[in-house]
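Laid out below as structure tokens are two forms of one and the same protein chain, each shown alone and named structure 1 and structure 2.
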Structure 1
């Protein structure tokens, strides 16, 4: 028995020492470059939770080495990453915190409450400014990485505060505040581009400083806290993202000359705890920009002064308009009209922003109580609309005659004003996505609205247009007085000079393809002409068939040659590529084929459905 045991032990030893290194030989390769998590912890002399925190804050993530020296079940980190953490002052700070916590524990254990409370007042804390600057050296870098940040902050704004999971009330509140501040900026500058309501939540896409930022906000409903989520990890991420979003907001607010931590008027502030914070913020922003721009005008030098005067004139004009409108309206509604004034400034927007600003211009919306208010209060002002709601602190009431659209989501509406349209909330989202005001009759109360299509799918690239998208395209074209060709034909007028110019940019193979098509078309045209001629002359069919054959022969003779050329160019390009690039190219090709197959399948399915019904 003992013999066997020892034998086993030796075998185990040999197995364990698989990557044997002779004495005196340097450690190199993966063994030297990567270390496991436990090794890293040992090196940094911290515990696991602190290590996790450090990794998240410093942006150090596990890697997958080619050769996993310590086995497949380990998590590996790059040695340099760990050294990077080790040099950070944050590590020292976290250690200090831990030591301080020990002091407090000790005081508590000795029933020395005074000391404990006194110690608690002076706990060491850390700031993440430096880390943010380190990870995002440029503002654009921060914007590029904002997707995750925004989604996380929006999520935590909707979570219930749970003490067991250490989700504090303060954290939830600050997340809510930050998300509203962000939304207020986006709405104020009309940066929102796309909205998609899915089962998971609402996807928004904004374009800030040329960066497309997509985020996911939860639906307005109770979120559950599932037990397969590690909330301590999530909280660390949120901690970092909160700071990041704070700095980003600061920068953005200052770029439109608004003071950053916004100071709201106290009456609204009291309401602001709930839903209307966003509204209060937009109001604040509008008011503030005005004031600051006025200040600038008064203090400007002479050449700028003329401009100032010009703006001043505009301002006066809007004031005039405002007073006129005020005559028509009850006096307490001037607040909503701030939106009217605001439109006069900043003329340096790009095309999209201008378009977005004008979409809901001169429209007044009223939200019933059953629609998703938070989302619509964000979206409608972002596209230049004026909005009010049913409830406290609403800028105008339902009885207001100037309301053009009332948004309802119920089977039937009792009392209806004839002056306004009663539409479902989806109308707003669809209008935004297609960039036009759609006909309201499809979205009226009690009707099942048309499908809500995803704006994130590029139909052109995908090669498949859903029915509703097609109809909207037609509608759009009709609005522009442009006649679209019949469906299926496509608009490829080959002799269009602009198109020919564009052809120059196409790749060679494509150009060849186009040329081929042109040729085909020419032959068919010729044939058609000939047929016509024959019909007019009353010739028998024999000549026609000959002509057709001739054309076909010509076509066949030209086609293989062209294909050959296309293939050759492909081949040479492939030869020129590096092996890795070639692989990527192939992967791309495969993906393209897959996409094509998918489109094919969709079409087929559609046909089947059409047949069956």
Structure 2
């Protein structure tokens, strides 16, 4: 065979095999779609810390390919994600910063302090505004991703400033300011829905523009910073979350016609560095800042004579509108125009917001110094209450006779006013979670309060109802005029017409109809007993009637049991399933059995505690 024939055969073979490629050339499959972290760092020409920062800021996460080409102990990224980072202008900014840091270190190594100081003042910086708009094109997307953001910001707002871990004072103050601005909006618009106090901290859930946002705020205690936590990664997240929360607060404040960032009252701003910043923000948001800002903006852009003419025309127009409205309002009502405005605002709210706004309405609370003041200053105004505290800048003092509740968290209270109730802080949180004003005698000072139940647990889905949950359920039903069976009484016992008529749940006509049906049922039972007696005495007619009834009973008893039918149906369906669906079904059944065993264990434990006491 000549060389020419060999070449022809090779060409024919290559045409036949379309996927042929020479060794070491083009890659396909997972090897072409994914790369390891070391390969990505080499392609981007950065170190590991800068690569982590870029991935956090750009929202790039590792992937799990079906086939790990380089081994199971590697971290894989998609090629398109790395290309997405490579073409971002932020990469060049971080490279400039790193090169500039080398200049500063070089100046310090040569002991040239003046040059190092000048270089620090001119250090290049970057902003994350473009990344926020890129990652969240719509405002709803930002709200959906706000859970971790709020938890991280509230965490750093409670941390101490540690120079060794690069947690500076400015960052802590910025997180505290942003968290208080968020809480002020939620309290002002009555968007808070659930609160739960746990060992980790206090869980809050708010509903903003149809999105449920849940976050965790740590307790106001001294925080211990562990050594096994990588705070550099957390600081990168906080850097991004600060910008995100600033954008969200800006949009929310402008949605209710409030200027952002807020300008506080100078008298309150001096006291707003600590726990009273939230109160100062609430005072600011309750003011009519929109009218003032509009007047200032219009006044600053117009000339002197034009401004005077416009102010005179606006004043005359407003006086005319007020006079027209006053003719429509009742003459004996005080501040009737303000009531009309408030009613218009209430009509724009949904049902949950209206309910939250009226929960603590006409109630005044006074906080003792030992209670969690910052949490209660946020929670009570969010549900329509008025709150004060012991200290400077308080709206009213402890001696105010209009106070309805004083929140105390100590074994005993010395001086007590008879015009108010002294309760524990748990009463506030339980009233919020259940949506009703609970009985205060269970939460009095010195008493052991009832269990603090989590509002995030669905008792019906879990299959276990705590005793206090049953009590609250009956209390809610009584508040809504609903009928629920008492403990130990079935639903059939509610059919008593005399009881329902006495309680006012039935009209007299309905009660008469129920009584007639009950009388007919009793008559038929009595007739059956008389026929049974006659059969015993030997009457043939009674025997025939009893035989007919016995045949009906045998027919009913001959029917297969419902449970047996259900088991047969499940077995047939299980046989018809595929192997994958059968495995899923068995896993669901195992999970259901585990939940049932957990409920039984809780019931046994409750029974043992009841027997021991």
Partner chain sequence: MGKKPKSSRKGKKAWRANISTDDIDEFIEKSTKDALTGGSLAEVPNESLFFVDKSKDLSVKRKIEKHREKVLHCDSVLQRNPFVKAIPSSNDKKKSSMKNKKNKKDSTEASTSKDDATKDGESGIVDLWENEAEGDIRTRKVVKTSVIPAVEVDPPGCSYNPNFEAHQDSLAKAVAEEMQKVYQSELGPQPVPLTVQGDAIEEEEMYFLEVDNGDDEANEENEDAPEKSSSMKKMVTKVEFNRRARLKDRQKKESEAKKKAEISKEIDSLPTIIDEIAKEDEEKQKRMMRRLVAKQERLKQQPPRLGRHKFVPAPTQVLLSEEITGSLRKLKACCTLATDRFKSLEKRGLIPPSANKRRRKYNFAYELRFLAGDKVLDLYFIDDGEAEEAAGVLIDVRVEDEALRKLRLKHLEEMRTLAAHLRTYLRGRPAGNVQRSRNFCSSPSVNRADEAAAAMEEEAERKIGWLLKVIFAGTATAIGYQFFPYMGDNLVLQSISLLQVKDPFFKRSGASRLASYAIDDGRRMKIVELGGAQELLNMLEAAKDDRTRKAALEALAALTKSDKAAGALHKAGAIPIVQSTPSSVEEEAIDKYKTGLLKRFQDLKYDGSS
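Everything quoted here is computed from the prediction, not taken from an experiment. Note that the rigid core is defined as the largest set of C-alphas that superpose within 1.5 Å between two forms. Numbering follows the first chain given and starts at 1.
Where the criterion is the form predicted together with its partner chain, structure 1 meets it and its counterpart does not.
Superposition of the core reveals a Cα shift of 2 Å or more for residue 464 between structures 1 and 2. After superposition on the rigid core, the Cα of residue 583 moves by 2 Å or more between structures 1 and 2. When two forms of a protein are overlaid on their rigid core, residues whose CA moves 2 Å or more are considered shifted, and residue 132 is not one of them between structures 1 and 2.
Relative to the superposed core, residue 606 has its Cα moved 3.6 Å between structures 1 and 2. Core superposition places the Cα of residue 592 4.8 Å apart between structures 1 and 2.
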